[in-house]
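Below sits a lone chain in structure tokens, taken as the form predicted alone.
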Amino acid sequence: MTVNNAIEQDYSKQISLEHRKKFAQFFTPVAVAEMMVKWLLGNENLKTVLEPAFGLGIFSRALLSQKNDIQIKGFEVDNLIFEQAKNEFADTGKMNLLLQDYMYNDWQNKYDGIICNPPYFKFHDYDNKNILKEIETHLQCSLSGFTNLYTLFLLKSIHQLAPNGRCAYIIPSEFLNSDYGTLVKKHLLKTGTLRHIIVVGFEEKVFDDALTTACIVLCANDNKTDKVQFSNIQSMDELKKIEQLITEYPEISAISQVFAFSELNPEIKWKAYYQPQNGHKYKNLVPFSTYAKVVRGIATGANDYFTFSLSKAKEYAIDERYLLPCICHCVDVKEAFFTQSDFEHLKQSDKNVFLLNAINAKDERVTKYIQKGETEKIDKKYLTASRNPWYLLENRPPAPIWVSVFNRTGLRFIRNEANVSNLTTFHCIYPNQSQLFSKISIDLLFAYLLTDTARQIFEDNSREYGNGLQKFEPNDINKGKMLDLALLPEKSRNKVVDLYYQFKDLECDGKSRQVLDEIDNVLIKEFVQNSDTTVCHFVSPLPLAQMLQDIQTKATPVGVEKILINK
């Protein structure tokens, strides 16, 4: 059969993006499909193959172009694409296509090969509760309610591997570095089937219309190794190099690292195994939660309803007594310091800078606006339905520091001098009012957060999406590391604070960058590791032979990235 993406391209032109997103239809590039197929073909006894999310059958086309004595079963839930796929494979007598939900069917069957690009849905966009029950019943493992559907597909497929069977999945890499992924990674290690994780870090998105970074997960049910290979590839050329490795078993290469199952810690972000880490360069690191707590901003569940500008307040005759000052959009905050003057400017520019704060309000116009929300069924939305009363705002006192959620250039920290609230466009940072925190001031903490040093160390704990986009959930920052500022000598501490005040005066001046560099230099002098004192677990992009040679000559291996891992 022809192996190209022409069928998928024609389908994408004919079918609306809305429909494709509804069924999470993001098609696999041919080069990636062919590489995944090569892993399955490494099983010499490949006779039966399963495609749990068939789509238009790119994997089956690639398989049949290499081997035609196999039987393929495919599952699909979208009737539209199912009918087209049936037509495409009408002349192939080796296909069994079923219009059924894979997660509720076929548990009893085993396959020599399973290959899949599963749907990518958030936990609240699919039958989360019942599918988790299916997984827990058949696999005897409990998972977080936030678990993404694509990982449930993967775990079910591993369960369905016949002896010596192989499995190839292309999925978002999110689970490698998310909280819900911890339980998924534990189960993967428990099965002993994980062989390769290939993170596709292309600058371009792997899937059209999907803002996510992909990884290819390869598994085998053969008990031939207790090692996993991690690769982080940046180009199609590197994809080809990896393709040469994957027919066999994990081995050191210039773009891969290998770890025994016993070395892998499911509790940490697995980017530590395939990306250079920044924190290893510094001594005396502590969790950020030592000095502050990060929580997300206010989630209304219906921003269009709850947010107000001056003109909207006037339209509904809502008095400012019933409106909470609030930053609603990240783009409204331009500088590192947000002042009362900045807030007043936004307010007079008729920006949305208020939230409806109607608790205990007896004003008839507020009551009327609440009734309007009920008429529009705002009270029945996902978040509002769980609150009593439904228009109750989350309890979030104004945070003295904000931090951005998404970024491409590193975390952005804002000093909230206006003392206003914020929506989820920012996370809230509340410094700990403990005896430990009394050793450093909020000015010293914020001065540190403005530096490249802080952002680089936090980057070790980020989540990565397509096109270089990073995301930080509150716990990513809480669990992220920072320099233990309490150990700064008093003279250095005072110097940093003095420089911080200079930066504040110069923020709109080009010289402010130079002041931050000076703060960085103070921190580097006090906290950078000496080359002979770093003793940690390592991840190296070097071939093992070169590493051993470097160690024998007592040289520090160039490119060795040392990271702390709790085993």
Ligand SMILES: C[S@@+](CC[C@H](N)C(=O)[O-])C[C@H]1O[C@@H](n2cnc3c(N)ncnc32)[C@H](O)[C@@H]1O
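Numbering starts at 1 and follows the sequence shown. Since this is a predicted model, take the numbers as computed values, not measurements.
Heads up, the form predicted in complex with this ligand isn't pictured, but that's what we're talking about next.
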property	result
Residue contact check: residue 77 to this ligand in the model of the complex, 4.5 Å heavy atom	yes
This ligand contact in the model of the complex: residue 100, any heavy atom under 4.5 Å	yes
Partner proximity in the model of the complex: residue 27 to this ligand, non-hydrogen atom cutoff 4.5 Å	yes
4.5 angstroms heavy atom contact with this ligand in the model of the complex for residue 153	yes
Contacting member of 297, 118, 165, 279, with respect to this ligand in the model of the complex [4.5 Å, heavy atom]	118
Per-stretch contact check against this ligand in the model of the complex, the hit in 54-62, 40-48, 494-502, 514-522 (non-hydrogen atom, 4.5 angstroms)	54-62
